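One chain comes next, on its own, written out as structure tokens in the form predicted alone.
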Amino acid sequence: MIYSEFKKIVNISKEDISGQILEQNRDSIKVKKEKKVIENLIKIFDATLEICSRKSFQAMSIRDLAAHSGLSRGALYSYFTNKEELLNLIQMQGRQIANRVLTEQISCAGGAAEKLRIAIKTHIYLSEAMHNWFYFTYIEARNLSKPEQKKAIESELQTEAIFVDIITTGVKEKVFVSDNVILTASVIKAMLQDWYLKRWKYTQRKVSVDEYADFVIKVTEASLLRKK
């Protein structure tokens, strides 16, 4: 699988993301016309991510968001009651999408070696397709409330747990060798994060997303695969 194929297989359009948010928050969103809600959620999230690419979420004002989204301040409050709620919405949806897509793609793979390759590529390709969202979610986690920070940490560990399970299965299948499965999974996760946190570095070096994914797989397998 290469990135262009991944985009055809995995549907992560802005409309679908906003539709999922609507489904999960119908009781709190005050606008009832579904089409209008989805259109405006896209405007709100696009504006938030664009503003926060230049300054922090904490520094962003509702006035800023209104100006960039084209919605009035009153209209914005039809979708969330305060900035903290908006931040939680973006964070929660990003985590849910990542875990859902990872789980779905891995379930289609065969043995542990294939599952590991699919998991690595899926995470990197997903962070490429949703780069602004992934970057925002990581950087702004510090501004979450304590309960939401706890959820973010749990989500981080949940992603690592996916790799722990794959590697553990591979060891049992005698495909992998690992002295420390948990630490290995943590290092893999760090390599995955490097793509969306420091993508400028790879852009400068003209490294494509496919090249990076293949390299991470090569490094990981060199460490894990049982020598014949």
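Just so it is clear, the model here is predicted, and its values are computed rather than measured. A residue's number is simply how far along the shown sequence it sits, counting from 1.
The following text describes the form predicted in complex with the DNA, which does not appear among the structures shown.
Of the residues given (I90, L71, I106, A113), L71 alone sits with a heavy atom within 4.5 Å of the DNA in the predicted complex. When contacts are defined as a non-hydrogen atom within 4.5 Å, all of K32, A75 and N82 contact the DNA in the predicted complex. Although the partner is absent here, K36 lies within 4.5 Å of the DNA in the predicted complex, judged by heavy atoms. In the predicted complex, the DNA sits within 4.5 Å of a heavy atom belonging to S61.
In the predicted complex, Q193 stays away from the DNA, with no heavy atom inside 4.5 Å. Interface membership of N40, defined by any non-hydrogen atom within 4.5 Å of the DNA in the predicted complex, is confirmed. Comparing 45-53, 61-69, 196-204, 165-173 against the DNA in the predicted complex, the single stretch with non-hydrogen atoms within 4.5 angstroms of it is 61-69.
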